[in-house]
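Taking the form predicted alone, here's one chain by itself in structure tokens.
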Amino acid sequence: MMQLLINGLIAGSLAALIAGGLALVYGVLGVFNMALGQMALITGYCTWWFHQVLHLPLGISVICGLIVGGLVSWFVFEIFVNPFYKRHRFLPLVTTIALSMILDGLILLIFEEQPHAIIPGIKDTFQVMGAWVSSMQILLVLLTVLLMMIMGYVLHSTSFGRKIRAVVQHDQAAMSLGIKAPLLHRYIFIMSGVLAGLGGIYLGIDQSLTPVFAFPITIKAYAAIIAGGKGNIWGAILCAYLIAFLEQFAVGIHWFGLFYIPAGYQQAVALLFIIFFLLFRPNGLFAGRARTA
């Protein structure tokens, strides 16, 4: 049981990074980016390339990977989102679905199908209350918590955060007060891509990168923001952890002492989350509790 809790905490930290950035974009722009999983993998693959092919130190490789992820996010915003989202909020949904298919093909073409680990080999592990965990996993979880704390401080205790909340409430009113809303939209989208890229690096360090991870990453992030309340960053982060725990328990428990659910059904938890909340609570768990400017 403790091993399942540890696994859920590790998987939830990955999902929280991506869901938090996605919720931020939806809250500000009101658009869905269906290529988010592919953008996360690109950052992870680039970090792998810098570290394993060019043999740069891990820290420098992570920074270079995040720079590439930020540039890719900027490109995606300028070409596939910015020309469309002001015309209709659902147009970027179509354009980013097309982009996700293009990126899937490019990832397969460049990096092929075999798994790529940023840090290959067996990692040092030790027991915590009967559960096995590696020092790298503990570091990644702690870094995720630190990033969430920094994001909370920026959003709620800085002028930049107040501008974001003002734009969330009303674009035109914010612009009348001198806030450059279009520029802020660009910054937020790039920040979302960088957070997703951190999730891709996390995945490449903790496990291995393969092209098939892109769609499950995206679906889990969307399940989290739908369950947490669209645009509610903290609700999305909390639900990302909740989904990760449910995924671990769904396939890790010997149900009624009779059977185990096959691991292949683990990804169905996020899809069931989406269906359940769209049917019974479409506004999410925390839709009415988001902080305003």
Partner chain sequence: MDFFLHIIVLIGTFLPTILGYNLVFGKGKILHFGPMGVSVITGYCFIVTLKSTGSFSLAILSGLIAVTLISLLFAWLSLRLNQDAFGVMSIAVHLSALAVVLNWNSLTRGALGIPQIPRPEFLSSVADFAIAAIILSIVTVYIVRKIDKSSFGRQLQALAEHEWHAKSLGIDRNRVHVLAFIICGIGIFLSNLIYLPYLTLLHPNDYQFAGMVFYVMIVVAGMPGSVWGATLSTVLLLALREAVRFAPLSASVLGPVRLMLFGFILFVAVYYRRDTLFPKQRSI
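Residue numbers count along the first chain shown, from 1. By rigid core we mean the largest C-alpha set that fits within 1.5 Å across both forms. From a predicted model like this one, the values you see are computed outputs, not experimental measurements.
The following text describes the form predicted in complex with its partner chain, which does not appear among the structures shown.
*Asks:* Tell me whether H55, V68 and V72, taken together, all sit within 4.5 Å of its partner chain in the model of the complex, counting heavy atoms only.
*Replies:* No residue of the spot touches its partner chain in the model of the complex.
*Asks:* Give a yes or no for A268: in the model of the complex, does one of its heavy atoms lie within 4.5 Å of a heavy atom belonging to its partner chain?
*Replies:* A268: yes, in contact with its partner chain in the model of the complex.
*Asks:* Please check if T95 has a heavy atom lying within 4.5 Å of any heavy atom of its partner chain in the model of the complex.
*Replies:* Judged by the heavy-atom cut-off of 4.5 Å, T95 is in contact with its partner chain in the model of the complex.
*Asks:* Flag M34 as yes or no: does it have a non-hydrogen atom within 4.5 angstroms of any non-hydrogen atom of its partner chain in the model of the complex?
*Replies:* Residue-level check for M34: yes, a contact with its partner chain.
*Asks:* Does K86 make contact with its partner chain in the model of the complex, using a 4.5 Å heavy atom cut-off?
*Replies:* Looking in the model of the complex, residue contacts with its partner chain include K86, since a heavy atom lies within 4.5 Å.
*Asks:* Only one of 100-108, 184-192, 136-144, 150-158 has heavy atoms within 4.5 Å of its partner chain in the model of the complex; I'd like to know which.
*Replies:* One stretch meets the cut-off, namely 100-108.
*Asks:* So which of I164, I205, A223, L198 reaches within 4.5 angstroms of its partner chain in the model of the complex, heavy atom to heavy atom?
*Replies:* Selected residue: A223.
*Asks:* Which residues within 249-276 place at least one heavy atom within 4.5 Å of its partner chain in the model of the complex?
*Replies:* G264, Y265, A268, L271, L272, I274, I275 sit within 4.5 Å of the partner.
*Asks:* After fitting the rigid core, is the C-alpha of I10 off by 2 Å or more between the shown form and the other one?
*Replies:* No, its C-alpha moves less than 2 Å.
*Asks:* Relative to the superposed rigid core, does A270 relocate between the shown form and the other one - that is, does its Cα move 2 Å or more?
*Replies:* Yes: A270 shifts by at least 2 Å between the shown form and the other one.
*Asks:* What direction does the I274-F245 Cα distance move in the model of the complex compared with the shown chain, closer or farther, given a change of 3 Å or more?
*Replies:* It is closer: in the model of the complex, the C-alpha atoms of I274 and F245 lie at least 3 Å nearer than they do here.
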